[in-house]
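To begin, one chain is listed below as structure tokens, in the form predicted on its own.
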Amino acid sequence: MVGSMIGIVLYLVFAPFVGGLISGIDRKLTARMQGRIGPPLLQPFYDVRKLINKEILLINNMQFLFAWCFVIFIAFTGALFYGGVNILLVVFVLTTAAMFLVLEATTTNSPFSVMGANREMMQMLSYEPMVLLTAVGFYVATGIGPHDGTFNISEIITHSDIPNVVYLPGVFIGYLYILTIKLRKSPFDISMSHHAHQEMVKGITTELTGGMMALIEISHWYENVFLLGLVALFILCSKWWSIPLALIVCAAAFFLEVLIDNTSARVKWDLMLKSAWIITLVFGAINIFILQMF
């Protein structure tokens, strides 16, 4: 119980700083890959500070409510994860947070926001099956041998001396594939992009201004730390060496996502949906089916 509370507090306090640094590293890597120097490493923090000092212009009160609900539920998702609770609960809260962002965009009646909301729902349809299969995969993997399967994150980490990725290579590949969607990287940045190449301006967040836009950006920092933590869950086990190995794998996965972002063009929603479901079935479902035979 004490360990869970420490994990929650550490995440809520330090995740924005870690997420902001990750965003700064992302910009630096992107600039280097494009032959540029790029902005300072702390530029994301400067941008957020500038947004906070700007006036907030709202279309209606519901936009304000739903935007705040998105921020709260995203932070709650990561807090549950790093608190070591049931991973299915974490997945459901994450989905609820995404729905609040969609609702925020639809209340504005802006064509760019509404179009972004529609695309966001298509993204959810694309990645949700793989996210659920990831949770199921951990349950099946922890049930191998004399142990009973568990959805509890703290037990998933400590149940074995062998990293879960050994049992779940297909699920890991599938998760990395949909991670591109969750991180809003090209070729799947169809509802909103962090770069200036989106035909819908800022897509789902077009009508957010000032401090509200800063809160949404901070919530993405929270979310990115959680998403990379899920990558680490594939590597962590009861052995001490799994901790540095997990950090290395997270760094490698993040670098891969930035590389994909800078070497691919954005695809249409139907190709994203089809490819994500194919990867989910071929890698995720077959991996879990094989595990259940043991």
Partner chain sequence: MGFAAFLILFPFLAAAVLIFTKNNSARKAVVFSSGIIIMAAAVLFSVREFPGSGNAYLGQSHLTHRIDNIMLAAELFLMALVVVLSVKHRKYYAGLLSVIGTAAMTWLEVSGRAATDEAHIYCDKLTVIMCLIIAFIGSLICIYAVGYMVDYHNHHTEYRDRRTFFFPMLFVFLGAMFGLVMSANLNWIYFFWEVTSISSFLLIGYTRTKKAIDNSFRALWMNLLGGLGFAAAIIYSAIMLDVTTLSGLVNHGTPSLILIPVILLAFAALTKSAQLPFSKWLLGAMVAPTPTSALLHSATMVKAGVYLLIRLAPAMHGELSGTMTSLVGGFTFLIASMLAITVSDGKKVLAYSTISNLGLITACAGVGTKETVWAAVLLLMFHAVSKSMMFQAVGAIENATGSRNIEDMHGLIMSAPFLAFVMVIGIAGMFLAPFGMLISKWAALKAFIDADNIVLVLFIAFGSATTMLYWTKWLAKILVCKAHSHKVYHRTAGGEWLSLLSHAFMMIMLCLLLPTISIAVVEPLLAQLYNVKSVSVLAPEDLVIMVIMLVMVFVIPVVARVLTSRINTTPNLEYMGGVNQGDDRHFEDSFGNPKNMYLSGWYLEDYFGEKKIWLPSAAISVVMIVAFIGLSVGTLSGGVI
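Positions refer to the first chain, counted from 1. Just so we're clear, the structure is a prediction, and the values are computed from it rather than from any experiment.
Although not depicted, the form predicted together with its partner chain is the subject of the following passage.
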Residue (of 99, 176, 162, 144) lying close to its partner chain in the predicted bound form, criterion heavy atoms within 4.5 Å: 99
Exactly one of 245, 256, 29, 59 has a non-hydrogen atom within 4.5 Å of its partner chain in the predicted bound form; which residue is it? 59
For residue 111, is any heavy atom within 4.5 Å of its partner chain in the predicted bound form, or not? yes
How about residue 154 - does it come within 4.5 Å of its partner chain in the predicted bound form, if we only consider non-hydrogen atoms? no
Determine whether any heavy atom of residue 129 comes within 4.5 Å of a heavy atom of its partner chain in the predicted bound form, and answer yes or no. yes
Is residue 86 part of the interface with its partner chain in the predicted bound form - any heavy atom within 4.5 Å? yes
Can you say which of 223-231, 246-254, 259-267, 59-67 gets within 4.5 Å of its partner chain in the predicted bound form, counting heavy atoms only? 59-67
Residues 168, 180 and 236 all lining its partner chain in the predicted bound form, heavy atom within 4.5 Å: no
Using the arrangement in the predicted bound form, list in sequence order the residues of 92-125 with any heavy atom within 4.5 angstroms of its partner chain. 92, 93, 95, 96, 99, 102, 103, 106, 107, 108, 109, 110, 111, 112, 114, 118, 119, 121, 122, 124, 125
